[in-house]
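The data below hold one chain only, encoded as structure tokens and taken in the form predicted alone.
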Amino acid sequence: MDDKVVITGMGVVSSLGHSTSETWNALLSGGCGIRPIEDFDVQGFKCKVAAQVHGLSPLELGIHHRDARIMDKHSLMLMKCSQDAFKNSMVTAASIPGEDIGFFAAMGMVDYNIEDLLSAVLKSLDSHSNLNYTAFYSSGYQDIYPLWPLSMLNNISFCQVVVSLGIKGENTVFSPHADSGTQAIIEGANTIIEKRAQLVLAGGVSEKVSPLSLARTSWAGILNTSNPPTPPFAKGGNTPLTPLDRGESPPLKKGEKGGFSDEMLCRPFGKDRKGTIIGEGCGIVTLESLSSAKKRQAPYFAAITGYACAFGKSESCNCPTSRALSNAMEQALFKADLKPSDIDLIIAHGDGTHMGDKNEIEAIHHTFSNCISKINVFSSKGAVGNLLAGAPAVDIILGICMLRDGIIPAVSNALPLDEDIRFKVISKEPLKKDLKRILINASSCEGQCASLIIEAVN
């Protein structure tokens, strides 16, 4: 297809930074966003670390305080990335009508904040501190913000972005795992190909790290639940770590542990991997046809040339089978009319779980068997955590940075590597390499998986 689907804008928020450049530069320098959780009491949880985002302000994003009351961190991340992607692609209301702009986003569960209900509950307690439902339904409930139920709907954040940017075209919300982020981008690409929109925003946003999100990932059996030292102390001292605020707690540099043990790291493809660490973040890309981008004189960074989804649930664990992962990669290659040897880099799902990584290793060995010793592999999750629905778009944008700069960052915390690996995991130092095509994998803990290919365009 001569008129390719190209990426003309992008926006990233992660624990390493609030923009594509901040995240990319921190990743190149070996930064790690995984830190002890201080936003809430983690007593009772075996996992006490995460890769969190801090410092996003509704005011700086132009969000009215009324709307901010039903927006949580995931909403702010989605708004920031969508605004950046829109701006990068040089889109204005005058250049493309809202009816010709689509929006497809993936997002996970939205959890309530205890503070939203606490006042109403306290006002409704009897003398024995039991909840008096009569008191609650007669007057106590009035302390709950009337629009609070809306904040529990994951598509409310989606709608607020649409209204803010004047988007009126085709749209859908996907949920809840990493494969849904790829599905959102695939739907966006198909919408462009079928000329149902001139321009599409697509991507995904993670869940906010909360007691409930920790409980969900722990229950799914994918979380690293090794116990860290308590309390967490700053490296080399006896002073407790400072609050994880954007200005006071920068991403850890390579080799720093931030006062917690190696046991609590996410180790993609590592010999000693023990599970994933959840992270917060978002990635949004702007898609349009190459002819449209040229006509608008908009920059374009890469083309999406192949994609596919597959399903196969492992019986012994919560991850796709190696066969399903192979099917997704092979169908994506077929759609792009490429051979395995045409791929310069695989950005793997690589979530640091024992069986998840094992199955992906086997799948890569199978699909790329004839060129396995030449295949380079990278995973971002050792640095930014597992962003679930937000992971694929962030990986695509990092892949674009790799195509642009000709360098592959080192995978954080991967060493020592799994001894069964026959491909090249970039794990010691960044690798300078001329890259033209990158394959990106994404998986859920329920058996779904997806692969997508991006290529450099002139």
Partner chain sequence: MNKRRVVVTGLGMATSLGLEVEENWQKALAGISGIRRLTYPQAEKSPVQAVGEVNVADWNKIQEEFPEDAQNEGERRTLFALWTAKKALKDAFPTSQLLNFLSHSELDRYGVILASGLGIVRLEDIQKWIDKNGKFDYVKFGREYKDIHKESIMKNNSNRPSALIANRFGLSGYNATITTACASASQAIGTAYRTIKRGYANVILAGGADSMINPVGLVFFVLLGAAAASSNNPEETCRPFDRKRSGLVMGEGSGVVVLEEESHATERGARIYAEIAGYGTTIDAYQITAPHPKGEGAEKAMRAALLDANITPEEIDYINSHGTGTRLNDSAETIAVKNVFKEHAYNLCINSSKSVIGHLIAASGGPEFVFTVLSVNRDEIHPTLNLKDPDPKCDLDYVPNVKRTKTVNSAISNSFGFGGQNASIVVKKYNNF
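Between two forms, the rigid core is defined as the largest C-alpha subset superposing within 1.5 Å. Residue numbers count along the first chain shown, from 1. No experiment lies behind these values; they were computed from the predicted model shown.
Beyond what is shown, the protein has a form predicted together with its partner chain; the following relates to that form.
With the partner omitted from this view, the residue of L290, I361, A298, M109 that lies near its partner chain in the model of the complex is M109 [heavy atom within 4.5 Å]. In terms of contact with its partner chain in the model of the complex, the residue from A310, V209, V377, A302 that brings a heavy atom within 4.5 Å is A310. Heavy atoms within 4.5 Å of its partner chain in the model of the complex belong, among the stretches 268-276, 76-84, 176-184, 365-373, to residues of 176-184. P340 falls outside the set of residues with a heavy atom inside 4.5 Å of its partner chain in the model of the complex. Within 4.5 Å of some heavy atom of its partner chain in the model of the complex lies at least one heavy atom of E446.
Taking the partner from elsewhere, S89 is found to have every heavy atom lying beyond 4.5 Å of its partner chain in the model of the complex. L345 falls outside the set of residues with a heavy atom inside 4.5 Å of its partner chain in the model of the complex. Taking a 4.5 Å heavy atom cutoff to its partner chain in the model of the complex, the contacting residues in 103-136 are M109, V110, D111, Y112, I114, E115, L117, L118, V121, L122, L125, S129, N130, L131, Y133, T134, F136. Once both forms are overlaid on the rigid core, the distance between the two CA positions of G140 between this form and the one not shown is 2 angstroms or more.
When two forms of a protein are overlaid on their rigid core, residues whose CA moves 2 Å or more are considered shifted, and L117 is one of them between this form and the one not shown.
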